[in-house]
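Included below are structure tokens for two forms of one protein chain, each presented in isolation as structure 1 and structure 2.
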Structure 1
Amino acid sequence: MKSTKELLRQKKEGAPWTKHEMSSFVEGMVTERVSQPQIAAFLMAACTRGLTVQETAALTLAMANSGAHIVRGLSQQPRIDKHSTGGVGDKVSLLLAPLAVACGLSVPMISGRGLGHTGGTLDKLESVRGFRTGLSIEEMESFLQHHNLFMAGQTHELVPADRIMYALRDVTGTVENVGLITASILSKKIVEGLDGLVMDMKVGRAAFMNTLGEACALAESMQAVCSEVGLPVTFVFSRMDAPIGMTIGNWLEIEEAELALATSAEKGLQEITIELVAQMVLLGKVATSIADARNTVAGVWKSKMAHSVFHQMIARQGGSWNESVAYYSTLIPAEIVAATDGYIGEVDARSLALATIDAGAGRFVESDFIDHAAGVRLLHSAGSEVRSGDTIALAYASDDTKRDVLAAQLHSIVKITAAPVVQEPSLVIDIWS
């Protein structure tokens, strides 16, 4: 049996690990036989040398088996989940999970925190006062059996290996790697005991995969692992250049999602949410064609059933909505005012995300405290006409100095153009099912 040091030296030289070496390394991570510097060294070597298809599959399965799996129980509903490869302003899961449940699916959603410059569903949910993302397995199973929904994170019981690696990848610049992304996402999905998975494959300047070619390579890697474990999967490729919806920041995004379920969403957010839920409905065989599935989702959205499902889930997991609204409504935003007449340009999501992280919305190191209030509310969509003196965006942070620095940065991020920008008609680029 090789020592961890020897294994790492081998990986540095580019030699692949066997299935047994990978599972022993992952088991060592969880039992703390393998140290944090050794895990970081593995992550960096995986990025520079790459992981083979076999190594990726071995890593995914070892991570999934690093903790317990959620049992099927008595629930009859098709168990379908969706996961995104990471975006900016990506609050889709917050709308999608209640909509999917209202359409007749069971959704065990294990999400992540902010990763790199992208936001995480767990950080968003934790902006709700009292909300618990660290559920026990018994709670997850009971919520699924009785309510068809929970939204939670990796714990020391459930995919602990992803919990450890996720946090380390975030602070060591080792996020953008096909094998590591595949293993991180699919280990969480395998333990959910799913009947099907819909993957939102983000492509663009603010995604981890900047080109369609890179996103396809990631989809192929994920497809190979899904085939090995017998998990049906649909890939939806969608643009990630501009933020999704009108807000970026943890509480602001929760608020936008809640309002969208009660009324309707910004055009792009609505389009991508309906498409992803419709693909889930189709995978779960609740509809027989994608056209029927889209109609079902649109009808359920109008009925506001999903809005009730959202609030029930928040309350069940300890969150207090009214207290949260009261708390965040005391914050005074800084206004960003148009300096000229013109049209709102396409907002660069990556620059916007980095500016909001600086203001406290994300982490630089693992122990960083998140300011859930920090973020930006865009008041006009790209292409809208504005006049000099109009307020075009609002910057929020609990710390006034950070809020004002964010506001100053927004002047160069939310640009005003002389002519309306030409926009792509749809966020969805392609679908593989």
Structure 2
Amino acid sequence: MKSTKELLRQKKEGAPWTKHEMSSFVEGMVTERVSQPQIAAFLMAACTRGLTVQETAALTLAMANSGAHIVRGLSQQPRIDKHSTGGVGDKVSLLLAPLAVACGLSVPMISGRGLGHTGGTLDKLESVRGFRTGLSIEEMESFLQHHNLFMAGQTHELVPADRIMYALRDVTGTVENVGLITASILSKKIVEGLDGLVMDMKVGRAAFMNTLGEACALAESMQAVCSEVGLPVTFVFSRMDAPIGMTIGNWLEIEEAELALATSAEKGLQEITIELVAQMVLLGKVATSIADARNTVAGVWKSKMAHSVFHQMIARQGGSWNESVAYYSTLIPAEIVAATDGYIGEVDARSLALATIDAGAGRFVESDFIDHAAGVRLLHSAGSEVRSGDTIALAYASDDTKRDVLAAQLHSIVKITAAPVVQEPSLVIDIWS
């Protein structure tokens, strides 16, 4: 048996590790037989020398097996999940999970917090007064068995190796590596005991992957590993230049999602949500064609069944919707007013996200306090005609000074143009199934 020191020396020189060597190294991380400097050395070697498909698959499985798994077969409904690589205003999961359950799927959604300039589903859910994201594995399994849905955070028992590695990736500058990203995402999905996975691969100026080529490289890595471990997966590549929907910020986004399930959503938000849920329905064999799947989702949305599923989940996990609405309605927003006649230009999602983080909607370091009220409500879509004096956006924050600073920033982010901007016909770029 090779020592950790010898394995690291070989990896530094580009030699691949066997499945057994990778498994032993990951086990050593969790049991603390492998030191933090040795883990950091592995991460740097993985970035500089790369990981083969076989190594990435071995790392993914070893990480998945480093802790507990959610029991399979808790209900008769196919167990399908969705994961996004991160966006601005991306409240899709909040609509998608209830819609998927109403369509006949079981959805064990283990979500994350905001990362960089992108928002996190857990932070949005926790803006609901009393909502619990810290569920035990027993609670997760009970909710799946009886209700086919939970939305929660990663527990200490699930994929502990990922928590150890991610903390070091952040401080060693090894976050943006295809193999390590693949293993981090898929290990958390494997422990959910899925029958299928849909990946929303965000592409654009406000995405972690700015180009389609970068997104395809990650998708190819994930596709290869999913094939190795026997997990059916579909990739939906979608645009991430402008915000999704009309709100950015934790409470504002969950409020928009709830209203959308009761009525209808902004065009882009509705399109990408229906497409992702339809791909989940197809993977779960609830429909026989993608056209049938899309029609099923649209019909379920119109029936408002998903709106009921949403509120049942909120209440089941301790949230008080009415109390939340009453609390946030007391906040007075700052108005952003059009200075001239014209058209709403394309909104730079990344700049908007950074401005809302400055106002308290996100974190710069893990210990930062989140102001769940902070955010922006856009009142007009890009291309809409407005008149001088029209209110075009609202800025929110619990701190009045931060709210006013955010409002001032919005004057340069939400611009008025002389002619309508050219809109892309669809948020969806491509689909791999």
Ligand code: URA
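As the structure is a computational prediction, the values presented were derived from the model and not from experiment. Quick note, the numbers are simply positions in structure 1, starting from 1. We call the rigid core whatever largest set of C-alpha positions still superposes within 1.5 Å between the two forms.
The second of the two structures is the form predicted on its own. After superposing the rigid core, the C-alpha of Glu27 moves by 2 Å or more between structures 1 and 2. Taking the rigid core as fixed, one finds a CA shift for Glu424 smaller than 2 Å between structures 1 and 2.
Comparing the forms between structures 1 and 2 on their rigid core, the Cα displacement of Arg49 reaches 2 Å or more. The rigid core superposition between structures 1 and 2 gives a CA shift for Trp17 of 6.3 Å. Core-based superposition between structures 1 and 2 puts the Cα shift at Glu6 at 9.0 Å.
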